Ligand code: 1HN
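Next up: just one chain, as structure tokens, the form predicted alone.
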């Protein structure tokens, strides 16, 4: 590779000439393309819910869910200004739906997740089945599936959206279309997919779907919290993560969403985690408890309903003041499928 000084005239003339043939010298850019370690543009950041809640609610008076199609405030990473990205590969936003509203049905090639932050009784409908949601619930809207949202309750509903928009955009495979009706007709009763596929049983004649996505699209928090509590009784704590569970596809045991890994973890009161690094940038939503996460030289304090980002390959450690529960998602499934994912624990 060329040094950092002035380029000799003969060499520059060569570069200029080959540029007219749409070529360039690799040696001038090699070390910016093939780096020794990841250098994400995303930065550590926390959105404190108490500070942004009024902004989310104010948006409800400025535009309707029908007019906006999805009334969402994008959580944009300060290191990725203007990109609508929370990490280098994932999108996140806070969606509001008011009582009596419908966010109209549509579908798109991006996969999406909903993680409920506030409110109870609104629903997401996927392919004609409704999931009535409560705080801490995790809901999937799989790629190219019709979905709409509605609020039949008396209070506003707010949830965290996560989508693989940058990943789908990288491959230039974005497609979307609107439904002829604002809301889908009912194809199956609410809770049908969880009853069929989410109890450790499958219908005897069930054939796995061709798409690598969980047939369960609603994972209630009550069940997840119970699983964490049961594991805590065994005190099988991980030095970095406390107790951490992955949401899975019951057909395959693989990730619930092919492009986004989704997790819930429990940190006991007083937990001080060991340092950890991984190549997947992570977006966290705090369900319960208070604590802090040290990321490099920065410390992000967090509490219930806050959202924060740990960039890819950033050395970090969690500490819990109270018993805490954290939901998170990342692009780990894509990295693992391509043989790219790495982790490092402690001072290794």
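Residue numbers count along the first chain shown, from 1. Here the structure is a predicted model, which is why all the values come from computation and not from measurement.
In what follows, reference is made to the form predicted in complex with this ligand, a form of this protein that is not presented.
Answer with yes or no whether residue 130 is in contact with this ligand in the predicted complex, where contact means some heavy atom within 4.5 Å.
Contact check for residue 130: no, nothing within 4.5 Å of this ligand in the predicted complex.
Within 4.5 Å, heavy atoms only: does residue 70 come near this ligand in the predicted complex?
Residue-level check for residue 70: yes, a contact with this ligand.
Applying a 4.5 Å heavy atom distance criterion, does residue 108 contact this ligand in the predicted complex?
Judged by the heavy-atom cut-off of 4.5 Å, residue 108 is in contact with this ligand in the predicted complex.
Give a yes or no for residue 218: in the predicted complex, does one of its heavy atoms lie within 4.5 Å of a heavy atom belonging to this ligand?
Because no heavy atom of residue 218 falls inside 4.5 Å of this ligand in the predicted complex, the answer is no.
One stretch from 267 to 275, 91 to 99, 115 to 123, 205 to 213 that, in the predicted complex, holds residues within 4.5 Å of this ligand by heavy atom
Contact criterion met by 91 to 99 only.
This ligand: the contacting residue among 165, 139, 75, 194 in the predicted complex [heavy atom, 4.5 Å]:
Partner contact (heavy atom, 4.5 Å) among the options: 165.
Heavy atoms within 4.5 Å of this ligand in the predicted complex is the criterion; list the residues of 138 to 177 that meet it.
The stretch 138 to 177, when checked against this ligand in the predicted complex, contributes 147, 149, 161, 163, 165 at the 4.5 Å heavy-atom cut-off.
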